[in-house]
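We've got the same protein chain twice here, in two forms, each standing alone as structure tokens: structure 1 and structure 2.
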Structure 1
């Protein structure tokens, strides 16, 4: 497997790609917090926040609908919020039968449901844009600058680095299982659920041992190259004046969005 098979980074030359990763992480988090702070039914503010997102999409050179296309992934979770449609008291909008219950959608419930979905939808898109314009190692480095403990960022960096290796390992295990699971046509291969669960468990155990032993080898290799508990980088990660300007500008814009939402 290629090392960046999982990577969501898109190689482009754009204003957003050139921004310091710290700024991008900060802006994304502020944007998501701002969405969470907007009151239910602040439609004008939601639209302004959406405009902000579309502008960011345009600035990234990825195309105006880039994040929109990938934003569907958060949709299934909306099911969890469906109950607010019926549970908040308000003027009934529509009543229908579902299995054995009479369900009444209220205007207040509808307002809350749609607001939750919009907040989530906008926030997910900004997070998608963040990883599309920032290399993951740079992202981790930015977290380090933002005072996330070094040990945690290094573990994440290692996870990212060895994810591809271990995924290859898993795919080999799964391929081996499949190649030994021949079935007569019309019959299912393998034993009962219990047996299949045991095989899956053995695979997990096998993978654990391989990973454990690999981590030992990696540690020895690191020691032999002079590892003393710190990882170094050649990338200076210095904030330019334009980075400060963008941060200040975005905070001002988001402040205005909040004002719109509360007027």
Structure 2
């Protein structure tokens, strides 16, 4: 599997692509925190935050609906907050029975649930845009410049770099299992659930051992080539006056969005 299969970066000559990665990471974090701090039902503020996102999409030259289409897949994960529909006190909206429980949806619970969905949706879109306009190595170095612990950034960098290697290992293990599980045409190969669980456990153990041995070899190879615990880059990441201006402008805009949400 090719390394770029995991890379969502899109090469463009846009305003956002030229920004310093530290600015893009910082703005993304501030934007996500701002969404989390907005009160429930702050519809005008939510619309303002979405307009900010649409403007960023246009400046990236990726299209106005680039992040919108890709963020829908993340919405089901926000459904974990469905319990707030019944746990927040308020006026009853609807009542239904689930197994042995009588559940009542309240207006306050429904408002909280919809607000959580919107916050999650906007935040996911911003994260998608960050990855689309910033190379992954630049993201890692931006995190280092922003004083994120080195051990954390190093683990993320190596996980990203060798994820495709682990995928290849898994595919080889699956092929080996299939080659040893012949079946008559029309019948499913292998045994029952217990057999499959045992085989899956053995495959997981083999994957762990192979990964451990490979990581040891890679680390020794890195040490022999002068690795000292720090990842270097050819990009100097020098902040320009436009980067400072954009950071200040975005912080001012997000502050205004927070004021709008509290009117």
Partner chain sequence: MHFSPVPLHIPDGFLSIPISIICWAITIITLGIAISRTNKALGEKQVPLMGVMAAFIFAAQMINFPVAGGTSGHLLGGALAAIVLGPWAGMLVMTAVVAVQGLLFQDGGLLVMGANILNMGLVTAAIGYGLYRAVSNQSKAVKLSVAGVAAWLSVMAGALFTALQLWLSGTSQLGIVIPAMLGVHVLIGLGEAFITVAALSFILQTRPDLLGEDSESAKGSRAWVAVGGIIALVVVWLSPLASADPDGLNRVAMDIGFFNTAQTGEGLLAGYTVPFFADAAASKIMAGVIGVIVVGAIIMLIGRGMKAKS
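Since this is a predicted model, take the numbers as computed values, not measurements. Positions refer to the first chain, counted from 1. Superpose the two forms; the largest set of C-alphas matching within 1.5 Å is the rigid core.
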query: Structure identified as the form predicted in complex with its partner chain; finding: 1
query: Large Cα shift (2 Å or above) at residue 163 between structures 1 and 2, core-fitted; finding: no
query: Displacement in Å of the C-alpha of residue 87 between structures 1 and 2, rigid core kept as reference; finding: 4.1
